[in-house]
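The form predicted alone is given below as one chain in structure tokens.
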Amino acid sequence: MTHIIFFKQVGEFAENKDIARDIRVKELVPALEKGENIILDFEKVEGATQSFIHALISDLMRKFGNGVLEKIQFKSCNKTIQGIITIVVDYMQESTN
């Protein structure tokens, strides 16, 4: 199980897509390649940009397919962050079908 706590890396607002890419490349892809489940923990994070969430998960969906979402738990997301995740996931599911 890989547990990513975003507040430690991004503070209250997740906007830096380079940080999201680094987390994806260095932590998420290796964990998924090993078959691990992932917890993406947004505790204390008040907001995020769509580009941050896109950089974090879109390539995972391309590489591993839409089923990858079954391996990822989004934890402690407020309504704003939930909405952005939904937008990105819906967009990716439409573009990969």
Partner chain sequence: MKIHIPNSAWLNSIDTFFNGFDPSDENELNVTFHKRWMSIHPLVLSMIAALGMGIEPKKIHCEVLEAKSKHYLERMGLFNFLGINSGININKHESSGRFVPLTQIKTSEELSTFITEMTPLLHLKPIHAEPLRYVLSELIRNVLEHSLSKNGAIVSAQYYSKSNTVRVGIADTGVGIWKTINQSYNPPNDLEAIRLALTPGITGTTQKLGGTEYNAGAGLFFIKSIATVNKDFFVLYSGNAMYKLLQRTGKRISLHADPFEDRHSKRDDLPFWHGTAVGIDLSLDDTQEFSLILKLVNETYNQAIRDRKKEKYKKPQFI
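If you're wondering where the values come from, they're calculated on a predicted model, not measured in any experiment. Residue numbers count along the first chain shown, from 1.
Absent from the display: the form predicted together with the partner chain. The rest refers to it.
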Selected contact from L40, A48, M61, L28, since only one has a non-hydrogen atom within 4.5 angstroms of the partner chain in the model of the complex: A48
State yes only if every one of I23, E33 and K75 has a non-hydrogen atom within 4.5 Å of the partner chain in the model of the complex; otherwise state no. no
Partner contact for H54 in the model of the complex: the partner chain, 4.5 angstroms, heavy atom: yes
F7: touches the partner chain in the model of the complex, heavy atom cutoff 4.5 angstroms: no
From first to last in sequence, which residues of 11-33 have any non-hydrogen atom within 4.5 angstroms of the partner chain in the model of the complex? E12, F13, E15, N16, K17, D18, R21, R24
